[in-house]
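Only one chain is shown below, in structure tokens, and it's the form predicted alone.
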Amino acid sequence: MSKIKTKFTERIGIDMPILGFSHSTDVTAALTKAGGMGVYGIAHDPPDKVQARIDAVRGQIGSRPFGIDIMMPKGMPESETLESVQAKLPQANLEFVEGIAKKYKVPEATTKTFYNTVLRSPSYFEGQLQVLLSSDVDLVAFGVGLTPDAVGRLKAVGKIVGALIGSPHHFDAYRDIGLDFIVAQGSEAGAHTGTIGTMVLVPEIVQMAGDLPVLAAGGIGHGSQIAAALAMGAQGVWLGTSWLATSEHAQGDHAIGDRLRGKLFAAGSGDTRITRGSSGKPQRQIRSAWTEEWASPDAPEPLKMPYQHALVGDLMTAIEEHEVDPLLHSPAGQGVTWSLELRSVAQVFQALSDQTIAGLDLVNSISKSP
């Protein structure tokens, strides 16, 4: 197994500068065992479920280091409940969602998921944070939002703490709060994303960050891109979409079924779209009837987070439960173009590693040319 060392990889104890985000505990564990660092996203896990997810990863990897991604967006309601919010949703938005369900003949949901049972709130995030503070997790990254208090509390118990950002403005806000690393995430990224491309954002943030390690994210799914990220001054990369179509993601609580996996295999770099229809924040997804309905001229303005989830939670649960093909969707970045067939996490990781070495060798050969 080849190794590429940077100051950051040496600090966190991994062989290759690849960190991988996933909502699957099996993917997270497999990434860590392959020589990178798996980072499990707890956004969909209520506080009382978080420790079980941590245990599921730790049970597979032993003492190897791994991370957790947590969201702490601002402006979430504290005194509301899911039911009280749903009782006040705008009629036009309700009718639009009912129209989608009727148009695509979506059966009613019979299962309970994050989407139709949870309202994001400060107490929800605090409950998750409390679990992390008492856990043996090695690294914590804030995917959306943070508070200086949360960063300080995590660092006080020995966690390595970082944050994802999508603009220089975000970095200015986070510059002096004690973060250990920054993930500069370009607009090509899947899920919640900004508007600045990876090739522009990464060197810009590297220049601003000085000695603070920067990881590159956004549309990266090939090792040549990892080599390019290192050439731009990043000390590693943060990948999410690459793991969606792996065999490990076909099992567990956040399993991806055959139909959705087929859509991932078929998608090219131009087959994603940014929509606010799922969460209320801009999110890059596989293009589907879901993204197109919310982009139609007749669509109402999506509600802000977490109210959009309260609006569409039952329908999103039903779409997944009954695998309503036209509406099936998943957050995915433009790097989905590299997901072509069913492979294990270890196989994807090895291919990325080999491609990175080849990319660096190519750069060296070109630079030595007369």
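Worth saying up front: this structure is predicted, and the values here are computed from it rather than measured. The numbering used is simple: start at 1 and walk along the sequence shown.
Another form, the form predicted in complex with a small molecule, is not on view; read the next lines as being about it.
No member of the trio 12, 138 and 182 reaches the small molecule in the predicted complex with any non-hydrogen atom inside 4.5 Å. Only one segment in the set 63-71, 297-305, 47-55, 28-36 has any non-hydrogen atom within 4.5 angstroms of the small molecule in the predicted complex, and it is 63-71. In the predicted complex, the small molecule lies within 4.5 Å of some heavy atom of residue 143.
Among residues of the shown chain, residue 293 is not one whose heavy atoms approach the small molecule to within 4.5 Å in the predicted complex. Under a 4.5 angstroms non-hydrogen atom cutoff, the small molecule in the predicted complex lacks residue 317 among its neighbouring residues. Of the heavy atoms in residue 331, some are within 4.5 Å of the small molecule in the predicted complex. This chain appears without its partner; in the predicted complex, the one residue of 226, 164, 234, 205 with a heavy atom within 4.5 Å of the small molecule is 164.
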